[in-house]
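Consider the single chain below, provided in structure tokens and representing the form predicted alone.
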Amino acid sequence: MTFDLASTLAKHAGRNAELHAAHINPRFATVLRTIGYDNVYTRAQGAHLWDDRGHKYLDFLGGYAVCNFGRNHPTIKKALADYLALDLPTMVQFEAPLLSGLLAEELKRRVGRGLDYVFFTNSGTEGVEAAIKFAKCATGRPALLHAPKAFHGLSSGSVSINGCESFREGFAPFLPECRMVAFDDLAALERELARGDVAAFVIEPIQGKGVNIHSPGYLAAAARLCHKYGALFVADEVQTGLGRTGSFLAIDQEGDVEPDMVILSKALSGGYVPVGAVLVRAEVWKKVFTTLDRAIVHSSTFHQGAMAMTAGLASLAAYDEARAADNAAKMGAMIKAGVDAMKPRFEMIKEVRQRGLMIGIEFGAPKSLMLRAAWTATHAMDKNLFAQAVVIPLMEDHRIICQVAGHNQDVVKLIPPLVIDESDVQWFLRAFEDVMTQLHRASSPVSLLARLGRNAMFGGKKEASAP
């Protein structure tokens, strides 16, 4: 029997939540319904999605920074269609694929920094796993350093260097000798490095959980300290790379940073085919792949798949066409300025942390008595609730998709596609102002509970206002 995708989708239209609850993750299906995110999306273009009722949504989540160049980018779509039409061989395994060589050459050209070789992966967390193995092999040391609130993936090795306990609970034992060093603290880093057992310091140039940004000069100085004590400096640019922060890499804005490895993924996929890359300094590489019989001592079945390599090359072309980094810098600054302008009117807006289109809006306890009582009541119910009180009405009332920035954090995170324009920015700012107006009322905890209760019973199908 021939499989026909279009007819299969039509036959089962609208069964999304039912199938997920029955066969994949019933807990997550319940979460989606409760927070009003149980929409059925049928079309996507650029920074927008449309649901099965024809409603248009503004995507400020970007697939967790996967869709940097927008969904269904024509250049990437065409490249993948061309690849399929050519009937090229892939997964031969005992070959040197042309496409992976071309992508590696192009990544080296753009990243520079004396990184000589590229190891391809299927995801960011696999890139972190590779970096962990390479660092231990190259240095002969056991210890790994990471920051509080760090997020480097959820496989057994990468979760060992995550700084959030919510991702670690129940999954012990972890890799031994994984130690946290205080965020943005060079003295604390040097104390750990001086113990002489550190293989690598793995760090996000900007933390994804909370959008926490280091002080100017910290990353360059941290790399120098690592090298002083014989450890490697690994930049996890899985989320920050490919224009997200207003430059190709986030470390490009941090002065003379000398990484031993840089990890990329997410946006390199173009939103289509999982792919990642670890760029590695030659001295490290040669200590891992030392002899002919160790030529594939670290490998993966799918890591140089031709379709993934095509997606990577096409994504880099889309990055250039969209002037993605420049647009990220411009639109991000516009969003920050707009939210900052609201701060005098809304007591709960504490701070806006922004680099390009990686933005964290942090909220804090208000001064006025009635609002403080509402703030306290919300946090007494659940420390995760307040940020959801922003995210949920942004979706339900204004059709904007975004996320809470991390567990037990009063931070909303914005990571939209880098192709948003001024009209999208204004859509968000109008919506955010409305949500803040509603939240700065003493009844906000009651309103939030009413939303959650209604959604849990009936699903989040309230009609939102048009943008």
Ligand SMILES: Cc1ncc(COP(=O)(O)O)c(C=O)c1O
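The first residue of the shown sequence is 1; numbering continues from there. The shown structure was predicted, so the numbers you read here are calculated from the model rather than taken from an experiment.
Below, we refer to the form predicted in complex with this ligand, which is not included among the displayed structures.
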{"query": "This ligand contact in the predicted complex: Asp260, any heavy atom under 4.5 Å", "finding": "no"}
{"query": "Heavy atom of Thr75 within 4.5 Å of this ligand in the predicted complex", "finding": "no"}
{"query": "Contact label in the predicted complex: Val238 to this ligand, heavy atom within 4.5 Å", "finding": "yes"}
{"query": "Contact label in the predicted complex: Phe151 to this ligand, heavy atom within 4.5 Å", "finding": "yes"}
{"query": "Which of 391 to 399, 121 to 129, 283 to 291, 168 to 176 sits within 4.5 Å of this ligand in the predicted complex, heavy atom basis", "finding": "121 to 129"}
{"query": "Option touching this ligand, based on a heavy atom within 4.5 Å in the predicted complex, out of Arg355, Lys266, His146, Arg71", "finding": "Lys266"}
{"query": "Sequence-ordered list of residues in 419 to 435 near this ligand in the predicted complex, where near means a heavy atom within 4.5 Å", "finding": "none"}
